[in-house]
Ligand code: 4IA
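Okay, so here's just one chain, in structure tokens, the form predicted on its own.
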């Protein structure tokens, strides 16, 4: 990466841009395979460059420090989501699909939909799932430990959420292959018009059609989250029946892929840091903290965009109305200005304050479920296995928004 100080006008895909003199300018492309393979050195340079940096590759502003990322996340009135949380500006171009009622809207519209989800996914409801989720996690961990060697992505990080989440949502059993594909394409679509986004949109049609169909009232099983959302619409609790379909879709998107990558990140961390796995084994109550620290350390959701609604100054830099701002959530989660020993995975760390699930009114709607799934799966693995070791080449899965693995071969020893 190359960082310079702006003398004035710079150029990029959007043409000339007059920047404040001395403003940091970077030629980093955060949507390149080179960046995806090892983002941490570039993220450190962006943090060190300044509180706000101009990215010339895509003609947009970026914030990578925890303080500025938190400011943007918490001020929805100035940094809005309603114009898209990807590079596309919905005020200037048509969205690729009907926007999400929670992710891509702002209050008060956002609050209507969010209040329904808050009732459906209340802490009491999620607590009621713990016993069944933990039993499934223990069953899977026992089988994998008996097997000895396995792919911790396909056989654990994907298998466990697919065993519990669709059932809780009320999806029928046919067609689960569409679930991960749909989530992957949705997060790729937040990026710029690169190859990842192009391929995602070209292959989207069957997955979008399947997901939309499954989110309809008649196709959801009674008692699940999806049916409850539709029942709220039928009672006139702030959303229409058409909006209920979109709300079920939002929950499906938020509740699966990030959880898969979060569990994969936790196993990846525990395998790389055997002293931390030993600490977890010695104190099983650390399971939740081990998962939370993996979210901070690896940040399955790496970036999100906001759009300025008015002229604003952030970090001493003046931004105009209608500017795209890229938040580096992963960089904020390793900012040494906020986190002592930020590049160390520590299951005893109090990771509260990380932005891995967002922050403010747009915090991740599925985070309580993700935390439950991550905690019980990590606890089950630690209870069943004495050690976890990487036993083959680790393959990363590239995505414009998500950080995750394609393959993670491990060998475990029974405990």
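Values in this document were obtained by computation on a predicted structure and should not be read as measured data. Numbering follows the first chain given and starts at 1.
The following text describes the form predicted in complex with the named molecule, which does not appear among the structures shown.
Shown here without its partner, the chain carries 187, 190 and 254, all of which come within 4.5 Å of the named molecule in the predicted bound form through at least one heavy atom.
Heavy atoms of residue 250 reach within 4.5 Å of the named molecule in the predicted bound form, making it an interface residue. Looking at residue 314, you'd find every heavy atom of it more than 4.5 angstroms from the named molecule in the predicted bound form.
Taking the partner from elsewhere, residue 345 is found to have every heavy atom lying beyond 4.5 Å of the named molecule in the predicted bound form.
The named molecule in the predicted bound form is not approached by residue 228, whose heavy atoms all lie more than 4.5 angstroms from it. The stretch among 150-158, 94-102, 204-212, 67-75 whose residues place heavy atoms within 4.5 Å of the named molecule in the predicted bound form is 94-102. This chain is drawn without the named molecule; in the predicted bound form, the residue among 88, 258, 333, 307 with a heavy atom within 4.5 Å of it is 258.
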